[in-house]
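Encoded as structure tokens, the following chain is the form predicted on its own, with no partner shown.
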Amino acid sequence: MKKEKKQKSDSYLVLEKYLLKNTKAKIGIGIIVFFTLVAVFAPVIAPYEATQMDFVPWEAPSSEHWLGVNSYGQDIFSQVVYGTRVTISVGILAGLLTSFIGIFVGLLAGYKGGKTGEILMRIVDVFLVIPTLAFMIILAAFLPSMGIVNLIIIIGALNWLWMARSIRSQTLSEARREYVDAAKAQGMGTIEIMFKEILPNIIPVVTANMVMVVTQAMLTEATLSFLGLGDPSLISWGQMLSVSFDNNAILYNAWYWMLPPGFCIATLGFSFMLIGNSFLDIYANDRGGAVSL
């Protein structure tokens, strides 16, 4: 039993052992820290208010307006800075909701197995057949208003399916290990074994999935906002792309309006992907084999 407990402790230490030595992780964390600081200090960084309309429309980038002015006379650089707050907030909160559902369903289906596991996985299979984005659009159309809370709930509640399958596959492997049998012999219950014994041993895989769903949540928010289904009162990168498209920014050759929010979305998403892949590398090094989500 002492040996099993040592293995469990080592699994907690694997992140500290490998994470800061992984180049992909360091780059990804650096990008995320940068955007987080931008979001926190947005009022200090942005030279103007995001909704301030006191400037000449369609003005090209200059020393006063680093990314130019949009068709409404608003400073684009200020909107990009303030838009960081909404995009990151939706991504993280929706990602946490997705992770909670995915982890619970995946652990339960993998550990219990039998009819419980089959029923849960058949539910997952049914929802996987349904186009998630189309389903979100339908839900958004029926809601009286699409505030940020509704946006987070819709994205978070519909993006957990692949994560549940990934967690289940890893749980199936862990459930056969000796430390689980020892926990059962001690009289530990299902929930206790799932979260106190199995979950700590698959932390790298769980974390890799979490950063993936956060990325997916941010991209989904940008997509819904681009389609005009987001909260129009909030400035986000997706909403900026939607407004620029609606105002024919392409015809006006206003690349400075379209490219910055798109570049920010791609860069932040890429950073989360780097971290997700680094956690898989960590897990593979710890277990001595390749791992895939």
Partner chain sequence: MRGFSLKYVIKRFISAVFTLWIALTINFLLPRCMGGDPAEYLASQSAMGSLEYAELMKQQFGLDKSIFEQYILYLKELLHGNLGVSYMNFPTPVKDIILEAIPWTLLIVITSILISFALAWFLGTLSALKKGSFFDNAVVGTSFYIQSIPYFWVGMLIVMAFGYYLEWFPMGHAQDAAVTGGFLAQAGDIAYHAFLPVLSMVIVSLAGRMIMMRSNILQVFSEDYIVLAQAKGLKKGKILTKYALRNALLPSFTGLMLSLGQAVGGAIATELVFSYPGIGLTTMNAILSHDYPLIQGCFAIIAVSVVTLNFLADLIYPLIDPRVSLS
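Note that this is a predicted model, so its numbers are computed, not measured. Positions refer to the first chain, counted from 1.
Only in words, not in the display: the form predicted in complex with the partner chain, which the text now covers.
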task: Tell me, please, which stretch of 173-181, 135-143, 101-109, 72-80 lies within 4.5 angstroms of the partner chain in the predicted bound form when heavy atoms are compared?
output: 135-143
field: Residue (of S62, N253, T51, S233) lying close to the partner chain in the predicted bound form, criterion heavy atoms within 4.5 Å
entry: N253
message: Counting any non-hydrogen atom inside 4.5 Å, which residue from M210, L161, L219, I88 sits next to the partner chain in the predicted bound form?
response: L219
field: Exercise: S166 in contact with the partner chain in the predicted bound form, heavy atom 4.5 Å
entry: no
message: How about F34 - does it come within 4.5 Å of the partner chain in the predicted bound form, if we only consider non-hydrogen atoms?
response: no
- request: Verify the contact flag for N201: yes if a non-hydrogen atom of it lies within 4.5 Å of a non-hydrogen atom of the partner chain in the predicted bound form, no if not.
  value: no
query: How about V38: is it within 4.5 Å of the partner chain in the predicted bound form, going by heavy atoms?
result: no
message: Within 4.5 Å of the partner chain in the predicted bound form - does that hold for a heavy atom of every one of V129, L229 and M273?
response: yes
- prompt: in the predicted bound form, which residues of 256-273 put a heavy atom within 4.5 Å of the partner chain?
  reply: M258, L259, G262, F263, I265, A266, T267, G269, F270, M273
